[in-house]
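Next up: just one chain, as structure tokens, the form predicted alone.
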Amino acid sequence: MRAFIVLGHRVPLTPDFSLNDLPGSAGRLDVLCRCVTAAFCLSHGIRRDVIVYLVLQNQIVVRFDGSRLKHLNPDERSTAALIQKALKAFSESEHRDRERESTPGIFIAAGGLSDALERVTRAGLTVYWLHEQGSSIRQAELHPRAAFVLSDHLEFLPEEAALLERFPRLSLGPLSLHADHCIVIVHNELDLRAGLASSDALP
């Protein structure tokens, strides 16, 4: 099991945004959409053992569960439409503190980073903070059941850093990378390690 917690600092909290202007009126929702597709999409399939938490302005959490996920395509607009449907379901809900499934595998509820961290730790996942000033992921010991926290195009806020400082910081390299690229690199690192472990077990 792998999880990714992605912080969206300017993404709208209502469905009233244009699917034709994701970088502008939708507060760089395009970044989060690319993160979702990077987390789940393979060349000819979906990673079913992945969960993605999108934390919107530390007020709403949208959870994508790969084991139930349907209708996900590898383009930003259709992913944004799924998030828009989730926000519409949230706006119509009378109990916003309870998760509501808007489309198969996509859930939404009120919450923030602390709630997402609590969920992954309660599920037994080891949390890592993806940070440019962290230790190299290549040399780090990684638990196979892991959750990785990363930000959108903006830096972590002080209050976010305060919540994350107790977790190991991992760097993916010497250059600043797009958030969705970071997810691909993490997947590749874990895939390689899992493959090596499997080959080592062969007679």
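Worth saying up front: this structure is predicted, and the values here are computed from it rather than measured. Each residue number is its position in the shown sequence, starting from 1.
A second form of this protein, the form predicted in complex with another copy of the chain, is not displayed here; the remarks below concern that form.
Heavy atoms within 4.5 Å of another copy of the chain in the predicted complex map, among the stretches 57-65, 142-150, 156-164, 25-33, onto 25-33 alone. Contact check for I185: a heavy atom falls within 4.5 Å of another copy of the chain in the predicted complex.
Using a 4.5 Å cutoff between non-hydrogen atoms, R47 counts as a contact of another copy of the chain in the predicted complex.
Using a 4.5 angstroms threshold between heavy atoms, P74 counts as touching another copy of the chain in the predicted complex. In the predicted complex, L69 stays away from another copy of the chain, with no heavy atom inside 4.5 Å. Using a 4.5 Å heavy atom cutoff, A38, E189 and G195 all lie near another copy of the chain in the predicted complex. Residues of 166-184 lying near another copy of the chain in the predicted complex, listed in sequence order, are L172, G173, P174, L175, S176, L177, H178, H181, V184, the criterion being any heavy atom within 4.5 Å.
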